[in-house]
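As a starting point, one isolated chain is supplied in structure tokens, in the form predicted alone.
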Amino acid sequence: MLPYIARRLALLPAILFGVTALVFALAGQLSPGQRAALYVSDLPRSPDAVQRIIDRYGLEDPLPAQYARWLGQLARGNLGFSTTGKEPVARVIARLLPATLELALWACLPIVWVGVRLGILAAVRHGGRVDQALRVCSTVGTSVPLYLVGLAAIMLFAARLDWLPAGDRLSPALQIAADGPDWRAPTGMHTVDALVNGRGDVWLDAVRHLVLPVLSLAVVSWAYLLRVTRSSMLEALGQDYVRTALAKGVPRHAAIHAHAWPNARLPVAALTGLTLVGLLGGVAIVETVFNWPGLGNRFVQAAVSLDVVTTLGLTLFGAVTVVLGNLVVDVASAWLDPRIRLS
């Protein structure tokens, strides 16, 4: 196990180098004047001010030289300064990560619970009406665009019925309390910090703001988990040890959950871990639709505003998250299934 983890970690620099080099090359398609103009606040922007920025940061240097200089700053822990956030990129990540983490953790609950249970139900009722209905629902769920689900949820539950808020993390009045000097925020996640501060009203309001983005993510993501769970359970239910258990008089419920499920859970656990990793990377579409102040929303703002430094920093953070998340999923898969042998 340890040599395998070491080999995976050794690949991390090469993967990050490839990702950042590609993004940096794409960002380099902007002219030096366009990039320098982002750092000039005076309007109209004088040519002399733009040229001073170009000379100071070497924006007319060849791209390899600029990329090497950026990597040198990165090695010292400097991700650069965000022009859209008016603060260092590292601080942007630290400030917005709790919002994305809170959304990801809450979204995983309905995704895993609904996807796994419906997948097992479809496998047990294989070929029946329930199985056919769930297969149709999963096909629809994987086909509908995520932004369309989010907009439909806002139109129905926020605009027409006025049951739930359409965006943000808290109502304005409670946001003032959460930003106050007496508010203790050890995690940055409102649903956790509200419990720490003993504010049930803030907790309830934070949950109400989470409902629509969480359901929008769950509607699309649970369908993938359902299909994987169904196929894995069908394979396990067809094995000889399950048929032998049923022939010996083991109750069908026990045969499904005690014999088939432990052997079918490996791909389900792997997909669950990858789903969480993808959510942690920043769900840009959902965060943008619901104006959720997370990493995905900031990434879209930085890309639209041509904020190259922030785009590179968030891309690097997302790449590290995905690589480390895949490593954790692989190690967990080996722990769950002793049949896996790592050379």
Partner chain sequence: MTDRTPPATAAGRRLRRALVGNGAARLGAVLLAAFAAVALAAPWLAPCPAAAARHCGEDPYRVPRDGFSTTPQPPSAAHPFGTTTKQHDIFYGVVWGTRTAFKVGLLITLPALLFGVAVGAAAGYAGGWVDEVAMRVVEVFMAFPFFVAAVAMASVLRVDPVVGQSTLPAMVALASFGWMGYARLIRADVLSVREREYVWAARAAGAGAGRILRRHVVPNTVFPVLVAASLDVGTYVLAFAGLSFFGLGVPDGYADWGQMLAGARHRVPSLGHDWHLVAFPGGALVLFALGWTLVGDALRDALDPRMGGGPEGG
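Numbering follows the first chain given and starts at 1. Note that the structure is a prediction, hence the values are computed from the model and not measured. Note that the rigid core is defined as the largest set of C-alphas that superpose within 1.5 Å between two forms.
A second form of this protein, the form predicted together with the partner chain, is not displayed here; the remarks below concern that form.
Enquirer: For the three residues Y147, I154 and V300, verify that every one has a non-hydrogen atom within 4.5 Å of the partner chain in the model of the complex; reply yes or no.
Expert: Checking in the model of the complex: Y147, I154 and V300 are all within 4.5 Å of the partner chain.
Enquirer: Under a 4.5 angstroms heavy atom criterion, identify the one residue in A173, A247, A254, V140 near the partner chain in the model of the complex.
Expert: Flagged contact: V140.
Enquirer: Just to confirm, with a 4.5 Å cut-off on non-hydrogen atoms, which of R117, R135, R208, R243 contacts the partner chain in the model of the complex?
Expert: The residue in contact is R135.
Enquirer: Choose from 72-80, 195-203, 158-166, 103-111 the stretch whose residues reach within 4.5 Å of the partner chain in the model of the complex, heavy atoms counted.
Expert: Among the candidates, contact is made by 158-166.
Enquirer: So in the model of the complex, is the partner chain close enough to V328 to count as touching (4.5 Å, heavy atoms)?
Expert: V328: no, not in contact with the partner chain in the model of the complex.
Enquirer: So in the model of the complex, does A68 come within 4.5 Å of the partner chain, heavy atom to heavy atom?
Expert: The answer is no: A68 has no heavy atom within 4.5 Å of the partner chain.
Enquirer: So, in the model of the complex, is V23 in contact with the partner chain at a 4.5 angstroms heavy atom limit?
Expert: Heavy-atom contact with the partner chain at 4.5 Å: present for V23.
Enquirer: Mark L306 yes when one of its heavy atoms lies within 4.5 Å of a heavy atom of the partner chain in the model of the complex, and no otherwise.
Expert: Residue-level check for L306: yes, a contact with the partner chain.
Enquirer: Do any residues of 6-26 have a non-hydrogen atom within 4.5 angstroms of the partner chain in the model of the complex? If so, which ones, in sequence order?
Expert: Residues within 4.5 Å: L11, I15, G18, V19, L22, V23, L26.
Enquirer: With both forms fit on the core, is the shift of the CA atom of L12 between this form and the one not shown 2 Å or larger?
Expert: Comparing the forms between this form and the one not shown, which are aligned on their rigid core, L12 does shift its C-alpha by 2 Å or more.
Enquirer: Once you line up the core, how about A21: does its CA shift reach 2 Å between this form and the one not shown?
Expert: Yes: A21 shifts by at least 2 Å between this form and the one not shown.
Enquirer: C-alpha of F317: shift of 2 angstroms or more between this form and the one not shown, rigid core aligned?
Expert: F317 C-alpha, core-superposed: shift of less than 2 Å.
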